[in-house]
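One chain follows as C-alpha cells, the form predicted on its own.
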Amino acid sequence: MKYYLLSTLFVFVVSIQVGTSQCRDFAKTNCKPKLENYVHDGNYNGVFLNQQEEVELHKAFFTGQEYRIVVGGEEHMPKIHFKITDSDQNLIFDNEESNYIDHFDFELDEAKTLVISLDFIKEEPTGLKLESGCVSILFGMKL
C-alpha cells in the first residue's frame, strides 16, 4: 500500500512538471514572437486549461510606460476571449469587440493593478470530447 501511494504521488508530480514545461515551451515559441518590438518582462504565465475553465491574473502596471499583453492558446483549442478590467471592475478592453485579437497595446494615466480574465469562446455542444491545452499570457513593454 505504501509503495502504491508513493508511485501515485510520483506520477502526479511528474505530470505537473511535464504540463508546466509544455506550456512554458508553448509560450516561448508561439506567444513571445507576438510581443514584436516590446521587451518581454521575463515571466511565462502559462497554464494547462480545460475548455470550460476560466482564469484570472492580477498584475500591476505603471504610468508612462507602453505595454503589450499577448494571449495565446494551442491551435486545437477554441479561440480565447479575454477581458481587462481595473480593480473596480471598470472594463478597459474586451477582445470580443475586436474580433478576438490576441494582443492589446496600452498606456495608463495612473498606476493600477489590472485584472486579465480569460476563457474560451462558448460554442454549441457538439457531443465531442472537451479539449484541454496550454494557454499563456505574456507581458511586454517599450523601453
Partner chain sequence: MRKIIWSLCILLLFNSCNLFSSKNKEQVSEGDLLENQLMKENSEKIKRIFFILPSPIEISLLIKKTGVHFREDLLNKTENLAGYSTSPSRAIALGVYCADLSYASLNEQYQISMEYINVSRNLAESLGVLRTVEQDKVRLLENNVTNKELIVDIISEIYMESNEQLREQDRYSLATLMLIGGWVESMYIATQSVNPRDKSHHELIKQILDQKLSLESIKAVLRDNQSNPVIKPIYLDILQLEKLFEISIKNTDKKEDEEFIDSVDGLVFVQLIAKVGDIREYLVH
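What you see is a predicted model; the values in this text were computed from it and never measured. Positions refer to the first chain, counted from 1.
Beyond the structure shown, there is the form predicted together with its partner chain, which is absent from this document and is the topic of what follows.
May I ask you to choose, among 95, 85, 30, 51, the residue with a heavy atom within 4.5 Å of its partner chain in the predicted bound form?
Only one option qualifies, and that one is 51.
So in the predicted bound form, does any heavy atom of residue 56 sit within 4.5 Å of its partner chain?
Within the cut-off, so yes.
Heavy atom to heavy atom, is residue 44 within 4.5 Å of its partner chain in the predicted bound form?
The answer is yes: residue 44 has a heavy atom within 4.5 Å of its partner chain.
With the cut-off set at 4.5 Å between non-hydrogen atoms, does residue 90 touch its partner chain in the predicted bound form?
It does not: once its partner chain is placed as it appears in the predicted bound form, residue 90 has no heavy atom within 4.5 Å of it.
In the predicted bound form, does residue 119 have a heavy atom within 4.5 Å of its partner chain?
Yes, contact at 4.5 Å.
What residues, if any, in 55-84 have a non-hydrogen atom within 4.5 angstroms of its partner chain in the predicted bound form?
Those in contact are 55, 56, 57, 58, 59, 60, 62, 63, 64, 65, 67.
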